[in-house]
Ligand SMILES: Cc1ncc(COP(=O)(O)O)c(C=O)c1O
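Presented as structure tokens, the chain that follows is alone, the form predicted alone.
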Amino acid sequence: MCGRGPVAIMPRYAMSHTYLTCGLCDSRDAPADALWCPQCNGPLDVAYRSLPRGLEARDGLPGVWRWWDRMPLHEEGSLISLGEGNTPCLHLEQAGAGLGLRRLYAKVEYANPTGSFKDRGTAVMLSMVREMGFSEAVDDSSGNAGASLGAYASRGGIGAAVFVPAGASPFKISQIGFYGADVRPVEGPREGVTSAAREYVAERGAFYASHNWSPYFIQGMKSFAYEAVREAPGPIDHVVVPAGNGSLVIGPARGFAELVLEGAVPRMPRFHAVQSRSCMPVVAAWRGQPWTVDDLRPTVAGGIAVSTPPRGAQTVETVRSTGGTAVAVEEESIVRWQRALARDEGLFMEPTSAAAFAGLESLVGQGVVGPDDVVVVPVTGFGLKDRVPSSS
């Protein structure tokens, strides 16, 4: 079937350890398969009735499911995994020295199964889709999220349709289709891609597995924090993140907040969101400046070219609440850092990832990040996912 499973009467949901809550109106009445608040249409989040104390991984479970007690799934038989997570955390000595930083670390998220950080969120989101009884999942994505959906849908025996902008990276579109997903290019503005996906969902009764809206996708991203606190040489002072929709800001910050509340770590790191000047709605909102889609310009950092992020307000609030900043960087600096990190550290990353290091350079110049601070930067996607720049 492509329709909705009997969520309302399933005992596992009636007695669930989680519920969905809306940060805008505080509603707690949304059904388990909702993506936005039925009262105000705001984004939903998963809340837990209780969480374990301490950060103990469960033996015998793969990927992000090692943190089973901190995840929303109810039955182990529903989980889908490709071994995501447990990515390397590398001390960047040369890049750090160039910035005057002694404790700079890269969490190499392109070591995830489909080459990007999105696998953490997709593993949890699609496992919940499977548990709720849907057999088809749909998303609109310019690349990494669509590829991740295709891979995990294939692994879990779920049909997948991915709506993509017709002008998106051909390398990423090819990857999506190679997993067997039904790739549907859409001409016109990015908003039209989302509209086409939603129309398809309504027609088919499929699940809209939106990485931008899904509260379960955000839950998978918490695992970044659980790993980072174990790998860093001390309490983390800063996490510098390229921000599109903001799931890699919101999710890890939730994970750190859990651990701070439990006393497992002494303090929250400051989260800094980095965007290209060509597409900077989060930065503009953080600064209190106007920004509209009319200000959008082409950028090499396609993964963060999100002009109207559904969780943009949450991203800004997360940055503010952690004492962080939002930084916009030039195209030239993104390309320069992409080349430098490949040559100096052996990290071949997509331009979106390099944007975070360009932002870090700005933060160091402003005195926001100090020489002895522990800094973690996620390397979000592998370089071959985009057109390879000239080596000169």
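Position 1 is the first residue in the sequence shown; the rest follow in order. Predicted model, so just to flag it, every value in this text is computed and none were measured.
FYI, the form predicted in complex with the named molecule isn't displayed, but the following is about it.
Engineer: Using a 4.5 Å heavy atom cut-off, which of 51-59, 329-337, 349-357, 24-32 contacts the named molecule in the predicted complex?
Structural biologist: Result of the contact check: 349-357.
Engineer: Can you work out which of 299, 78, 142, 135 has a heavy atom no more than 4.5 Å from the named molecule in the predicted complex?
Structural biologist: For this set of options, the contacting one is 142.
Engineer: Could you work out which of 248, 206, 160, 106 is the residue within 4.5 angstroms of the named molecule in the predicted complex, going by heavy atoms?
Structural biologist: Partner contact (heavy atom, 4.5 Å) among the options: 248.
Engineer: Please run the contact check for residue 124 against the named molecule in the predicted complex: heavy atoms, 4.5 angstroms, yes or no?
Structural biologist: Close contact is absent here: in the predicted complex, residue 124 is far from the named molecule, nothing within 4.5 Å, heavy atoms only.
Engineer: Classify residue 303 as contacting or not contacting the named molecule in the predicted complex by the rule of any non-hydrogen atom within 4.5 angstroms, answering yes or no.
Structural biologist: Result yes; residue 303 sits at the interface with the named molecule in the predicted complex.
Engineer: Test of understanding: in the predicted complex, would residue 243 fall inside 4.5 Å of the named molecule by heavy atoms?
Structural biologist: Contact with the named molecule, yes.
Engineer: Are any of the heavy atoms in residue 120 no more than 4.5 Å from a heavy atom of the named molecule in the predicted complex?
Structural biologist: Residue-level check for residue 120: no, no contact with the named molecule.
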